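Only one chain is given next, in structure tokens, and it is the form predicted on its own.
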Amino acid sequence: MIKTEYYKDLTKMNTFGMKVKARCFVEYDSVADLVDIEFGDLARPVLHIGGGSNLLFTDDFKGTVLHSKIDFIEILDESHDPQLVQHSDRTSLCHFDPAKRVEKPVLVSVGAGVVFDDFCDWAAKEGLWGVENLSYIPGEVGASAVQNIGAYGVEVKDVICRVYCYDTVEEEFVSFGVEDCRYGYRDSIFKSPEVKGRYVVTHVVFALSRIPQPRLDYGHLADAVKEAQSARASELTPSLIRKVIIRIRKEKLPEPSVMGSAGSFFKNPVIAHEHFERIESAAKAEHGADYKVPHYDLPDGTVKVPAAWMIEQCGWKGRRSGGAAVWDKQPLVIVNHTGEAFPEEIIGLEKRIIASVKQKFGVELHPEVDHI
């Protein structure tokens, strides 16, 4: 079924809780419905949302907002699709160690409208490894493949096998192997200017595993999991890791239903090693010779520095500006503190944070959140 509404209130369809409207709103339940939509007749521009968890609406949307309710999770027999055979046999796809591997990945097809955390919950209960570290990230499956969501050392590209889409220009169904998606840090081909908005994700095939594949090398995750395992006297399972991840996220991030936000607002900057050394030297001079700047050394010699640390060092943690504020438990998050914040207040705070980080560290932060 296709549902069309005009001047639709989007307040509850974006986790920031911006009080905006869409000139036209179209929601569909199936792939067949999607084909029936006359894309050429839709009010422009056209925006496809997947839960509104990574968006900042800066004003009423003057075009058409599309939303998928394609909702299914299905374990596949890869033999029916040669393309899946081609792409599911990559041992790096789910971080398989070929020496330990005794079976192929379990291919799971998931509708674009499925809430991503519901999929994580389903996988954990099925004993399938691969997405447990991505638990409790808001949004839907289709949007996860566009944004390349990530957390705790895992990005969704690590477990994506294939992304199926409807090409609104050629009016045909197409699919993209994980290499074709040109995944980068919170980026993909679907966000590139030349094709943005052209492809509508219908479903995503993930390559999961029944072989234990824990990824615990991010921050203090290993210690937190070991503590939980000891307290429960339980074995290491996707469900256990999922519970730990959810607890950590709840401690750090606000519940969108309680206080509006888009989660992490800024990308973590990647800088040259020489630049990092200058930052570290200045930090030691300020905090003492034993002070350690949090960072992650990347294979190409560059260094990823947490934007949250930089923002906190600039004194922004917990500060308010009108109806907007920096979350007092995680400075990477900007919140709609009053529930009545205007987009201009969020943007104004964003700009001041960027300017202060640039002045102190010589690093320009870039928003992870899409401004619409």
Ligand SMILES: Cc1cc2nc3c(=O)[nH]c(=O)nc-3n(C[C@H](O)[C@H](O)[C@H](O)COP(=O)(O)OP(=O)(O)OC[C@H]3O[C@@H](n4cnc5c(N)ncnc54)[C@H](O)[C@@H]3O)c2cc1C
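Values in this document were obtained by computation on a predicted structure and should not be read as measured data. Each residue number is its position in the shown sequence, starting from 1.
Quick note: we don't show the form predicted in complex with the ligand, though the next part is all about it.
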### Query
So which of 159, 262, 110, 128 reaches within 4.5 angstroms of the ligand in the model of the complex, heavy atom to heavy atom?
262
#### Entry: One residue of 310, 26, 324, 55 in contact with the ligand, assessed in the model of the complex (non-hydrogen atom, 4.5 angstroms)
55
### Message
Contact with the ligand in the model of the complex for residue 47, defined as at least one heavy atom pair within 4.5 Å: yes or no?
### Response
yes
### Message
Since only the chain is shown here, I'm wondering whether residue 243 would be in contact with the ligand in the model of the complex (any heavy atom pair within 4.5 Å).
### Response
no
### Message
Since only the chain is shown here, I'm wondering whether residue 183 would be in contact with the ligand in the model of the complex (any heavy atom pair within 4.5 Å).
### Response
no
### Query
Is there a heavy atom of residue 238 lying 4.5 Å or less from a heavy atom of the ligand in the model of the complex?
no
### Message
Taking 4.5 angstroms as the heavy atom distance cut-off, pick the stretch from 196-204, 230-238, 296-304, 267-275 that is near the ligand in the model of the complex.
### Response
196-204
### Message
Within 4.5 Å of the ligand in the model of the complex, counting any non-hydrogen atom, which residues from 225-254 show up?
### Response
249, 253, 254
